[in-house]
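Shown here is one chain on its own, the form predicted alone, set out as C-alpha cells.
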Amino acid sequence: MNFAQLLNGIAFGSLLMILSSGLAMIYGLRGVTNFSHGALYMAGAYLAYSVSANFSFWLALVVAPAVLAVLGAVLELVFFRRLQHRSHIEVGLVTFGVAMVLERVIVLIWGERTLAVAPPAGLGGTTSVFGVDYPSYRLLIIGFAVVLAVGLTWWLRASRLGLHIRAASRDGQTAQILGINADRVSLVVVCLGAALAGLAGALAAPYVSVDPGMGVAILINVLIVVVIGGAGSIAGAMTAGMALGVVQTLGAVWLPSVAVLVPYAALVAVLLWRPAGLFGRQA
C-alpha cells in the first residue's frame, strides 16, 4: 500500500460520508428507507454538469444542493407526510418509484451518454502531500467532507433546531408533547438530506463519470453504510462511510477479484456482532 492509495480511499469515503449522512438523517426522523437517494445524487451530478458548462463549477456547488433541497421538500410534503402512517414497505416502494421516474426524467433531459465535468480552474493538477503528488481536486473533496462533518455535528449539538431534530429522532411523540413542531423539523431534515445528496453528486461529477447508472451504483454502498453505522445515526454513517470507502478502495488494489464482496462481508460481520449497527441504539 502507498499513501496515494490511502488518499484514494479517503476521497471515496468522503463522498460516502456526505451522501450517507443525508440518508441517515431522513431515516432517523422519518423511519423511511429513501431509495430515491441515489437518484437525487445523480441529479446533483447532472445539474453540476450543466451549471459548470454554462457558468462555473463553484456556482454548481450552490445550485445543485439548492435544487435538490426543493425536491426534498416535494418528497416530504407530497409523499412522506401523507404516507407517515403507512408501513415502511409501502413508503419504501413509493421512494423506489420516485427514483425510477427521476432517473427517466434525467435521461430524457441529458440523454444516456456518459458526460465529463472538468475540475475547477486551479484544481486540475496535483498537490504534493507528504512527498506524494496527488490530484488537487480529490483533496478538495476530502476537505469538504471534513468541514461538513464538523459543521453538521456542531449544528446538531449546539443549535436549537439541532436539539429539536435529535429529540424528534429519538422519540417523536414525546417531542411533540414538549412543543416541538415535528412537521417543521421533518421538512428541514428531508430538505437537508436531499441537499447533501445533491452536494455529493456535484462533488462527484469531476471525480467519476456522470452517467444514468451512477445513482444505482452508489445507492447499494450507501444503504450498507447506513445499516453498518446504525440506522438513523449520523455519526455512524460518517464513520462507516469513511471506513468502507478506505477498505473497499484498498481491497480493489490488494484483492481485486473479491473487492466487490467487501461491503457485503462487512455488513454481515457487523450485523452478526451488533444487529443495531456500530452506533445504533440497542433494543
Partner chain sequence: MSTLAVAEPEVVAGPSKTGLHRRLVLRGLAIAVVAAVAGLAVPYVVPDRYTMGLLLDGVILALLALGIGFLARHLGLISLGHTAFFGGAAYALAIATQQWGWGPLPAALFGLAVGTGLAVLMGLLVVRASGMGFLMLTLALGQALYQFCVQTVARPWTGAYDGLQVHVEPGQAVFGMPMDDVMNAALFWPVVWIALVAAAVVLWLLGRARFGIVLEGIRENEERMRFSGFGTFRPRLAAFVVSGAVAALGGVLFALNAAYVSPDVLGFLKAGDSLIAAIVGGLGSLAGPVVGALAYVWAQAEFNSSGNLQLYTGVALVVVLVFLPGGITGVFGKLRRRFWRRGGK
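Quick caveat, the model's predicted, so the values are computed rather than measured. Numbering follows the first chain given and starts at 1.
The protein also exists as the form predicted in complex with its partner chain; that form is not presented, and the subsequent description refers to it.
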- Query: Does any heavy atom of Trp273 come within 4.5 Å of a heavy atom of its partner chain in the predicted complex?
  - Reply: no
- Partner proximity in the predicted complex: Leu83 to its partner chain, non-hydrogen atom cutoff 4.5 Å: yes
- Would Gly97 show up as a contact with its partner chain in the predicted complex if we use heavy atoms at 4.5 Å? yes
- Could you tell me if Ile177 has a non-hydrogen atom within 4.5 Å of its partner chain in the predicted complex? no
- Message: Just to be sure I understand the contacts: of Ile109, Ala116, Ile89, Ala121, which is the one whose heavy atoms reach within 4.5 angstroms of its partner chain in the predicted complex?
- Response: Ile89
- Residue within 4.5 Å of its partner chain in the predicted complex by heavy atom, from Ile220, Val62, Ala53, Val70, is Ile220
- Task: Could you tell me which stretch in 132 to 140, 164 to 172, 196 to 204, 150 to 158 has residues with non-hydrogen atoms within 4.5 Å of its partner chain in the predicted complex?
- Result: 164 to 172
- Query: Is its partner chain close enough to His37, Tyr46 and Leu77 in the predicted complex that each of the three has a heavy atom within 4.5 Å of it?
  - Reply: no
- Applying a 4.5 angstroms cut-off on non-hydrogen atoms, the residues of 14 to 37 near its partner chain in the predicted complex are Tyr27, Gly28, Leu29, Arg30, Gly31, Thr33, Phe35
